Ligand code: URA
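Here we start with a single chain on its own, the form predicted on its own, put down as structure tokens.
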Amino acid sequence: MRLDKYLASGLGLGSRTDVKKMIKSGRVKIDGMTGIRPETAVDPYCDKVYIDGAQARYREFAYLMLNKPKGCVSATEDAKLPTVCDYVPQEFKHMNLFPVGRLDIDTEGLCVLTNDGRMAHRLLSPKSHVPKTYIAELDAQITTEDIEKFKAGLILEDGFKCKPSELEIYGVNTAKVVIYEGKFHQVKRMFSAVGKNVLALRRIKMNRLCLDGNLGPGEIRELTETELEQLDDKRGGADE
């Protein structure tokens, strides 16, 4: 890869013109190389590149956890509304992150953003049955009959039969539900099928990855290695 492309596209340090100025001014060094020019070939994984004396950090993929607030859409861009990508820190803007799955505009909680398409496909594939856990505030109390209907697999208003899911009482008019698929407005439609309306909905878990309780609405950070393993664990398991 050309050095100027690596600095501009790989590290997001500015335009090609900007990084060429950096290189020509001597701010960029590569271990063991002399006569460095914008077209100098660099291996991002092997060569040590320094900017103003500090080693540059190259990563092909990034994985972020956002505590999605209400009022923003799970998309990379929208003509009218704010998106989850608006919360991506500047240092990751050049990596073209996207949300893994969608949360409704009025649903908050755990949202993962990445540029790792293969991982996203694994998590979203219907064959993966990745568990997603939500806390729902309802307009009525959960009954034993509701729990059994969720366990058996609800039939929605359009005739679609949901996979068996887990429903439990979480508080007064509050429930925890675990689903293994991701149809449009599924959680809300499932509760509607048992005669209840969802007043507020929050996702707290995806696979074995839990929402960081220290993240306030709109706050975002990188996943740790342990959290990434919890997210991309093919074994799944709703309550491990």
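Numbers follow the displayed sequence, beginning with 1. Worth saying up front: this structure is predicted, and the values here are computed from it rather than measured.
Keep in mind the form predicted in complex with this ligand is missing from the figure; the text below concerns it.
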| item | value |
| --- | --- |
| Residue among D86, E137, D104, E166 with a heavy atom within 4.5 Å of this ligand in the predicted complex | D104 |
| Partner-contacting position among R27, H185, K70, R59 - heavy atom within 4.5 Å of this ligand in the predicted complex | H185 |
| This ligand contact in the predicted complex: A175, any heavy atom under 4.5 Å | no |
| Touches this ligand in the predicted complex: L201 (any heavy atom, 4.5 Å) | yes |
| Listed range touching this ligand, judged in the predicted complex by heavy atoms within 4.5 Å, from 205-213, 186-194, 35-43, 49-57 | 186-194 |
